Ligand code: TLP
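Next up: a single chain in structure tokens, the form predicted alone.
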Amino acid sequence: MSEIDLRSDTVTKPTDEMRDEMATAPVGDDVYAEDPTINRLQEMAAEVLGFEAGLFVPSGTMGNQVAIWSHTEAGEEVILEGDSHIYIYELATMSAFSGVMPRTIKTDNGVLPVEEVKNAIHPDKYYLPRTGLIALENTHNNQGGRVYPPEEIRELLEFADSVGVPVHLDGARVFNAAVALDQPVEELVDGFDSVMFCLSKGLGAPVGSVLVGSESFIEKALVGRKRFGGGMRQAGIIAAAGVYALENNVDRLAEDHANARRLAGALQGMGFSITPEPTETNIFFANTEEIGVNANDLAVELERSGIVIGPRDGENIRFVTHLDVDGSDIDKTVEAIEDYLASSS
């Protein structure tokens, strides 16, 4: 039985075409900057996002943490949203590796209000910690793939520039945001001091992320990557998947968004509560409280039908669509959930 996996877009498998590119990729020693495929990926990423340079890293977490290390000095604070990936899922690495502290702002939608950011920056007193960085997330994972409103980004970037604080974007799924807005990604990230985006989520590569910024920033980030243990050798084999992903898998993200909307609409029709409403990209949360179903029990039953979902607790499920899930998979999932609800009523 083939498996329909709706837990995350990290579960995608490389296509045969992507594997062919990986198998034939020219390689060299990247620590010596001699891997031509990695060099091509870094240059391509920088050009697509409108920055001077790029740096290939093994993971999005490493990309974010190298950015924090490069922007800050030990003893500073990083302002970020309270449910952000950097704060929740990156194991306090900013404190362990960079010696900086998170200063979180809790929101209902993942968007940092500029006034609250202003209030989070301490007065210029020698006995108060200095703000070294502001970090945003777009799309916002824990807010169900919400797109950060461009006008809110512009307002925050203008304020940060006025006070001389750099701003980093955790853009793990920034291409999803750009496709959802029908806006060039270069425009969406304009004004950030650095951006990290993942190749291994919706873009379908098996591994890797890219950090982009100015040439001087990337020179420093290269040191940070090595210190974090991220120097790689003949890694063009995996960088080739990233090149293929950027060339072939960006525009098709719209299909994932359409599938997510269709699945969310069907679940809403069955009585599930959906967040966000409407579904914006390829992620949404479904709450089972109103229909009296335990999310964990539903997950167990669906797995018997070859469908894997990601309950967060007894009432909340995160659904994520991706390139390994097509329209027929959505139909099968909807039918299986309908059958479960009918049998359990």
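Note that residue numbering begins at 1 and tracks the sequence as displayed. Just so you know, these numbers come straight off a predicted model, no measurement behind them.
Just so you know, the form predicted together with this ligand exists too; it's not on screen, but the next bit is about it.
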(message) Each of Thr61, Arg173 and Lys201 having a non-hydrogen atom within 4.5 Å of this ligand in the model of the complex: is that the case here?
(response) yes
Here the chain appears without its partner; judged in the model of the complex, the stretch of 111 to 119, 184 to 192, 83 to 91, 244 to 252 with heavy atoms within 4.5 Å of this ligand is 83 to 91
Can you tell me whether Gln143 touches this ligand? I mean in the model of the complex, with a 4.5 angstroms heavy atom cut-off. no
### Message
I'd like to know if Thr10 sits close to this ligand in the model of the complex, meaning any non-hydrogen atom pair within 4.5 angstroms.
### Response
yes
- Message: Can you tell me if Ala135 lies within 4.5 angstroms of this ligand in the model of the complex, counting non-hydrogen atoms only?
- Response: no
Worksheet item: Though only this chain appears here, would Met196 touch this ligand in the model of the complex if you measure heavy atom gaps against 4.5 Å?
Response: yes
Restricting to 219 to 252, the residues within 4.5 Å of this ligand in the model of the complex through any heavy atom are none
